[in-house]
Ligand SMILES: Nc1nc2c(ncn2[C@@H]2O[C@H](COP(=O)(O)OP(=O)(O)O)[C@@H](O)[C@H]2O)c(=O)[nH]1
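Next up: a single chain in structure tokens, the form predicted on its own.
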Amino acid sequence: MNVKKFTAPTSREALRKVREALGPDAVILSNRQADGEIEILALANEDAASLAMPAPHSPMAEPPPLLDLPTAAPAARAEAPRAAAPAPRAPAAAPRRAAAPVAAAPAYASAAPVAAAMSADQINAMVAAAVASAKESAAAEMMGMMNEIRAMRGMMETQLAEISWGATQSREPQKTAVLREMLAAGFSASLARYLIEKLPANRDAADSMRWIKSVLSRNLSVMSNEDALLDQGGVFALVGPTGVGKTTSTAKLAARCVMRHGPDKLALITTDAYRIGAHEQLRIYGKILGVMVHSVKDEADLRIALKELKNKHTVLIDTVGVSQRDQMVTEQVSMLQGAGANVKRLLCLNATATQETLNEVVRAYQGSGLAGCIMTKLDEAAAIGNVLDVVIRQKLNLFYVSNGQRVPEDLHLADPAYLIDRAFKLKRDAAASQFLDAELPLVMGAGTSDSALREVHLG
């Protein structure tokens, strides 16, 4: 057995020496620290296999001989006189001494294969354990190396981006002005960096801002005419976290449907049996509009209700608010998808929420796909670039914007040019003072890349 010892200051170097000397399939027999160094005892894979399998012509590899007791006994008796010759006075003792080897021979012959088999099993188990330990150790080492490489890559990208933007500030000041306005309006550093890198050359700050606004407007997908929604009809469910304005938005949509088709063509369903007064709030709206409100508790109730209301032109479902980090989001999406009807889900996005929160909400409620979204609380938001950024990057279809509690007055069709212009106007005064010149390269260097930005149409 050719066992070799390897020592090195670190486990990684020791394993490297093992791989170089014995190959990637080497078997690690032991791993310990001695005198401040890592000591590894290893065995080549071929040597380990030879331990597990006996040699072809060795006694261990041959089947045990079968002993014929009737023929073996005369041979023993034939040898007995020679063994008894020196002791003529004890003629009866020789047969007894000769019988002992005969009796022991079968026991010895049958025990040898058992001992050999146990030894082979033990070796196989030891080799398997050593191989598993070596693979686990190698996998852990590889994972650590990959994490270090990723960290180094991220650090290099950040530093290169900082150097690049540091040079851009002095070479192209109009890009710095555009960058300040985009960041102040609430747009992400990744989207701002992508658009500014694509900014046409030889433009002043004002012309550059017009180009940025036109690109953002073209990439903001909206419903240009609500006839496609109200005239087509169907089943719509308003979803989103608690407090984003789902019930009020449901009432506003219901009022628009009633004004277009009358109360007989509309039905309201609520699944919100958790909040105190949530059902009563929608019932009051329904009473004002002359529309019956149905309450359901689970998927079975919803399936029955939709079957009974299949003759309605439009059915609006007000769902219970669930945090985007709650497991109930998945259950709610599954309930709506399994209701036996084509339920189109409209996600309510709170314009006052942070961009990170909005991204989490979209990912949680995405499911198999959202029909569209409604921007709520527009009147309460200090900046709306954050929500517009999410709508653009997540490729959502923006149906309506809500800017108040009045039903149905405070619900409007989304106008891309107006929304983009308002996003920059809200924070125009803060653009010059929000970031120092020395901070801009750091902000742009930390902006992570987004593969979805490749689909932003520049026009």
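So that there is no doubt, residue numbering starts at 1 and follows the sequence shown. Please read these numbers as outputs of a predicted model, since none were measured by experiment.
Not pictured, yet referred to below: the form predicted in complex with this ligand.
*Can you check 141-149, 262-270, 323-331, 379-387 and let me know which stretch has heavy atoms within 4.5 Å of this ligand in the predicted bound form?*
The contacting stretch here is 379-387.
*Tell me, yes or no, whether Thr314 is in contact with this ligand in the predicted bound form, where a contact means a heavy atom of each within 4.5 Å.*
Contact with this ligand, no.
*Using heavy atoms and a 4.5 Å limit, would one call Lys246 a contact residue for this ligand in the predicted bound form?*
So Lys246 counts as contacting this ligand.
*Look up in the predicted bound form whether Asn45 has a non-hydrogen atom within 4.5 angstroms of this ligand, and give yes or no.*
Output for Asn45 is no: heavy atoms all beyond 4.5 Å of this ligand.
_Ser133: touches this ligand in the predicted bound form, heavy atom cutoff 4.5 angstroms_ = So Ser133 does not count as contacting this ligand.
*Work out which of Ser137, Ser224, Thr242, Thr357 lies within 4.5 Å of this ligand in the predicted bound form, going by heavy atoms.*
The residue in contact is Thr242.
*Though this ligand is not shown, can you say which of Gln281, Ser208, Thr176, Ser217 has a heavy atom within 4.5 Å of it in the predicted bound form?*
Looking at the other structure, the residue within range turns out to be Gln281.
*Taking heavy atoms and a 4.5 Å limit, what residues of 391-419 are near this ligand in the predicted bound form?*
The stretch touches the partner through Ser402, Asn403, Gly404, Gln405.
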